[in-house]
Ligand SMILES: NC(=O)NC1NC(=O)NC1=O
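Presented below, as structure tokens, is a lone chain in the form predicted on its own.
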């Protein structure tokens, strides 16, 4: 579905949230909150509104967003309970095709990361392959919590940008 920004701006609240509600994984409240900031002049303005909302959250709210993300190559992928977007993103990066050694390493690192930080490792799978994801996960485990929270939120914003681009045309500015 690729709507122009005028169509997005004209969406009733329920449709706006239903269509755009998973641009931030399992956080339709964010989309609901930015609906009132319409009309958006273009896709970038919509993306900016979402980013500003996220940035204004307290650190606990940002960690809540991170906790909504599934483990990469984790239980949700294996059981088929990922959101459509996450399933496609993980498959595109090879997370659904790990060999047994890679799968064991991923599971171990995911667990270490969650134990250390209290939220799952988040990376924009569409911008990485399985080798880079494993490397990043290993390299980021020793970081400080604040560093990882900030890094995770930046990755959430990358994911959001790509998901928005799947839904909204990048076009000329809307005539307000």
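Since we're looking at a predicted model, the values are computed, not measured. Positions refer to the first chain, counted from 1.
This next part talks about the form predicted in complex with the named molecule, which is not shown.
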Contact label in the predicted complex: residue 125 to the named molecule, heavy atom within 4.5 Å:
yes
Classify residue 168 as contacting or not contacting the named molecule in the predicted complex by the rule of any non-hydrogen atom within 4.5 angstroms, answering yes or no.
no
Tell me, yes or no, whether residue 164 is in contact with the named molecule in the predicted complex, where a contact means a heavy atom of each within 4.5 Å.
no
Would residue 159 show up as a contact with the named molecule in the predicted complex if we use heavy atoms at 4.5 Å?
yes
Interface segment, criterion being heavy atoms within 4.5 Å of the named molecule in the predicted complex, picked from 142-150, 26-34, 42-50, 64-72:
64-72
Between 73-102 and the named molecule in the predicted complex, list the residues on our side with a heavy atom within 4.5 Å.
86, 89, 90
